[in-house]
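This document starts with one chain, in the form predicted alone, laid out as structure tokens.
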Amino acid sequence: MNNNKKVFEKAVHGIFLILGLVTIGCVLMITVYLVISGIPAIREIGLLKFLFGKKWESASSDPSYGILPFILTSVYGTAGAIVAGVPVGFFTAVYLSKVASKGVKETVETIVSLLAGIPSVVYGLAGMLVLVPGIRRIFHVADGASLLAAIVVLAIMILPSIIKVSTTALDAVPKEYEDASLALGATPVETYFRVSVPAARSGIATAVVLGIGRAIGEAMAVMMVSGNVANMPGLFKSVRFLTTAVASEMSYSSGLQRQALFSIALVLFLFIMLINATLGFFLKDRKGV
């Protein structure tokens, strides 16, 4: 009986090992493919000219392949979405985990799950029909399709990930921690933010990382509300993100233009890896402290 159990455990262990290796292999394949496809264009255009050029005119008679507007737009758009979305998601998670009644928590969690399942194109359509005209009327600009519209849409889209993961992390904090804090005279609010939140820090940080990944990688929704024009970023200007630059031109591109789009994908890939590595480093450092 014990031998059969050991054989079963080894088989399960082997299956998990194979699945993990397949996942690593897929990441390596994507990395190698992007490097092979993206490096030739960077060599031909020039690294500095490609990364810091301010003009992207890939279809003109004298093409220019500068992606600095795309990089800055992606940075500003993601940062704006995080600044707007993370506080809302975080405080909502604290409320659902520590304050809300069971009925309210179940209702809100159902709504959050529904938001997570809505396709990005629906967010983009709602933004086109409601948000873009609203920005045009409120701020008296010529076109509401802008960086601001993209930030608002991205902030809404990252909320489900932040709320769900943060709530799960807060629910996992042992009740004894809070009981001890209350017994020492701390108020419930002090207990939530000085005991429960620090104890769930790693889970909340994971939620933020997932939100950043969603914001950086989104293409369809931001393409529909940002104007998709290769301008240097401005809050009320039509802009183009790294993701939308690839999505909008890949279908008809060829030659150097197509290679340049793969180079943009490579830059985006490295950008996401750098952000994850940086956040991971700081989280490990905080755990060590």
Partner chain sequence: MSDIIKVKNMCLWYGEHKALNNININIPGKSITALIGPSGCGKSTFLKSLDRMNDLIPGVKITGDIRYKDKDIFDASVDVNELRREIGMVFQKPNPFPMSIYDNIAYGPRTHGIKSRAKLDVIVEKSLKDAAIWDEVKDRLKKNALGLSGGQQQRLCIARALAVQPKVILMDEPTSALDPVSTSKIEELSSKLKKDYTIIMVTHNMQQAVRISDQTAFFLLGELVEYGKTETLFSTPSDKRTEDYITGRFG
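If you're wondering where the values come from, they're calculated on a predicted model, not measured in any experiment. Residue numbers count along the first chain shown, from 1.
Unshown form predicted in complex with the partner chain; subsequent notes refer to it.
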{"property": "Region of this chain that lies against the partner chain in the model of the complex, out of 150-158, 90-98, 187-195, 106-114 [heavy atom, 4.5 Å]", "result": "187-195"}
{"property": "Residue contact check: Y177 to the partner chain in the model of the complex, 4.5 Å heavy atom", "result": "yes"}
{"property": "Contact test in the model of the complex: S120 vs the partner chain, heavy atoms, 4.5 Å", "result": "no"}
{"property": "Partner proximity in the model of the complex: A183 to the partner chain, non-hydrogen atom cutoff 4.5 Å", "result": "yes"}
{"property": "Non-hydrogen atom contact A126 with the partner chain in the model of the complex at 4.5 angstroms", "result": "no"}
{"property": "The single option of V209, A199, I71, A84 touching the partner chain in the model of the complex, heavy atom within 4.5 Å", "result": "A199"}
